[in-house]
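Starting off, we have a lone chain in the form predicted alone, written out as structure tokens.
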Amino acid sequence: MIEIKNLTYTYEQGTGYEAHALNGVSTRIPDGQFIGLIGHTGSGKSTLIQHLNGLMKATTGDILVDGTSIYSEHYDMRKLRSTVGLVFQYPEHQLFETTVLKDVMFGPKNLGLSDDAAKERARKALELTGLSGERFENASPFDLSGGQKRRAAIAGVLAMEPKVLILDEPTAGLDPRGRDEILSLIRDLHERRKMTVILVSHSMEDVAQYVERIIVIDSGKIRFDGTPREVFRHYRELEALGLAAPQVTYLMHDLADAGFTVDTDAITVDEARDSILKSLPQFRRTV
């Protein structure tokens, strides 16, 4: 479990350019949870996730992983980064080796594993991401498609065998097919490997479809924290924060305002369809 206690981060502290990116953030992330982290650009969400694996150090506050402060003396940051894996936005820009296999091996080797052990981990990670076999292992990462490059980059993080996987806008720039492949991969990792997943996304449809909990960040503070249905009930407040709800939320509210008995808590297309089908007799009478 990750516990965040009153976390504050200030850029350019003590200068005329001082800016507070995080303001007293406190929350808990239990093992195995699938969390969506949303917020407008500049809200502090990227700053927050970079604290979780030690890339940034808090100005004040604390982060505990499995009960131990990552700021305690002699804390093993290398172990932290193998426990909490972070996939940056456009991670394929960080591919650099001559083959996909060598690229995925880089992380485990950096942890001190032997070539054989690193190769074993890399092959397991490539299998998880659908890139197994010599066809992919020996290919140049730069010859892969956009979606395959993204999966290869994710495999590089998975090869370090993290317990927590954080992904910053993992579908950015992908076509619809590549986007669906990546999201399905992330869901499978969560369900099959029981991994804790934190998904940073601007797509309300994606978080509504996949996550079980949403944390909304605004001006460095947590504004909402709950299930997707609980959070999207506040769709008007989200709009004031520069966000929105899934499109079906607006459709269902418009139908309810027009007098139809539909579920205004529906947040996915499937839920909206089922609710509308139940109301079909009422629709027919109206027509």
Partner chain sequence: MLKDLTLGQYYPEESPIHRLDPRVKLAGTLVFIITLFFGQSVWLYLGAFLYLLIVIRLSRVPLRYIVRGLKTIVVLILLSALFNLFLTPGDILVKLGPLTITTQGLVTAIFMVVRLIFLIMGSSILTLTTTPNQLTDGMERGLSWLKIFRVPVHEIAMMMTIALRFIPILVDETDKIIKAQKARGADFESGNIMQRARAMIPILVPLFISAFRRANDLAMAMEARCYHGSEGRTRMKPLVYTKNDRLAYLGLALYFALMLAIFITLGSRVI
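Not measured: the values here are computed from a predicted model. Numbering follows the first chain given and starts at 1.
Below: the form predicted in complex with the partner chain, not depicted.
Comment: the partner chain is not present in this chain, but in the predicted bound form one of 166, 182, 126, 160 has a heavy atom within 4.5 Å of it, namely 160. Of the residues given (222, 56, 64, 29), 56 alone sits with a heavy atom within 4.5 Å of the partner chain in the predicted bound form. The partner chain is not shown here, but in the predicted bound form it comes within 4.5 Å of a heavy atom of residue 95. The partner chain in the predicted bound form is not approached by residue 170, whose heavy atoms all lie more than 4.5 angstroms from it. For the chain shown alone, residue 88 is a contact residue for the partner chain in the predicted bound form, at least one non-hydrogen atom being within 4.5 angstroms. Residue 210 falls outside the set of residues with a heavy atom inside 4.5 Å of the partner chain in the predicted bound form. From the list 212-220, 127-135, 188-196, 101-109, the contact stretch for the partner chain in the predicted bound form under a 4.5 Å heavy atom rule is 101-109.
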